[in-house]
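Below you will find one chain, with nothing else, as structure tokens; this is the form predicted alone, and questions on how it binds or moves follow later.
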């Protein structure tokens, strides 16, 4: 595959690429090999016209009347989103979700590495839990500088999310993955990606139900 020129890809398009890849992997796992923009729109909740426009920025990814080859799209998006540079990540919040993320630690991508965990819970701070040392949030800025951390994941509840993000931003982090669905205020140069597990699950159920109906209709 030829090297892709991404210089002219709009920022809004670039932000949707990980979403597209996530659902393409879901499609492939479900046995889908080809999909049209209208069908992909139903899965991603992105308008089909937007999908076609986004894909057009990346070259000739599909054919009129045929649609898009799922495996090829996954290959393209993997190439775009992958990086050889290690991303050193701070995890803020060590509840059940935080522990699950730390224990998994992006096993399928060795370039993503959670290297420091932070919490304000006195029952956790200073202790080694499941092989992970938990630092207090008061040490966040120091550890970010010391460890070369450039990305943060926040799993703290919504009511504490803004405070946690403020501390993350104050340490110079500009890339934040936030598992609290409520929006937080950040400077223009800080990028926050939100993960709403309820919405993701509802979307998954919607996709699965529609796929099962299509399978049943073919029988």
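Positions refer to the first chain, counted from 1. The structure presented is a predicted model; accordingly, all values stated were derived computationally and were not measured. Just so we're on the same page, rigid core means the largest C-alpha set that superposes within 1.5 Å between forms.
Quick note: we don't show the form predicted together with a further copy of the same chain, though the next part is all about it.
Peer 1: Could you tell me which one of 73, 80, 149, 124 places a heavy atom within 4.5 Å of a further copy of the same chain in the model of the complex?
Peer 2: Among 73, 80, 149, 124, a heavy atom within 4.5 Å of a further copy of the same chain in the model of the complex occurs only for 80.
Peer 1: So a further copy of the same chain isn't shown here. In the model of the complex, which residue out of 35, 51, 26, 61 has a non-hydrogen atom within 4.5 Å of it?
Peer 2: Partner contact (heavy atom, 4.5 Å) among the options: 26.
Peer 1: I'd like to know whether residue 43 contacts a further copy of the same chain in the model of the complex, with contact meaning heavy atoms within 4.5 angstroms.
Peer 2: Although a further copy of the same chain is absent here, residue 43 would touch it in the model of the complex, with heavy atoms inside 4.5 Å.
Peer 1: Determine whether any heavy atom of residue 179 comes within 4.5 Å of a heavy atom of a further copy of the same chain in the model of the complex, and answer yes or no.
Peer 2: Yes, contact at 4.5 Å.
Peer 1: How about residue 160 - does it come within 4.5 Å of a further copy of the same chain in the model of the complex, if we only consider non-hydrogen atoms?
Peer 2: Contact check for residue 160: no, nothing within 4.5 Å of a further copy of the same chain in the model of the complex.
Peer 1: Please run the contact check for residue 184 against a further copy of the same chain in the model of the complex: heavy atoms, 4.5 angstroms, yes or no?
Peer 2: Yes, residue 184 sits close enough to a further copy of the same chain in the model of the complex that at least one of its heavy atoms falls within 4.5 Å.
Peer 1: Using a 4.5 Å heavy atom cutoff, which residues in 86 to 102 contact a further copy of the same chain in the model of the complex? It's fine if the answer is none.
Peer 2: Those in contact are 87, 89, 96, 97, 99, 100, 101.
Peer 1: Is the shift of residue 27 between this form and the one not shown large enough to count as movement, that is, does its C-alpha move by 2 Å or more after the core is superposed?
Peer 2: The answer is yes; the displacement is at least 2 Å.
Peer 1: Checking residue 137 here: with the core superposed, does its CA move 2 Å or more between this form and the one not shown?
Peer 2: Superposed on the core, residue 137 moves its C-alpha less than 2 Å between this form and the one not shown.
Peer 1: Using the rigid core as the reference frame, would you say residue 195 shifts its C-alpha by 2 Å or more between this form and the one not shown?
Peer 2: It does not reach a 2 Å shift.
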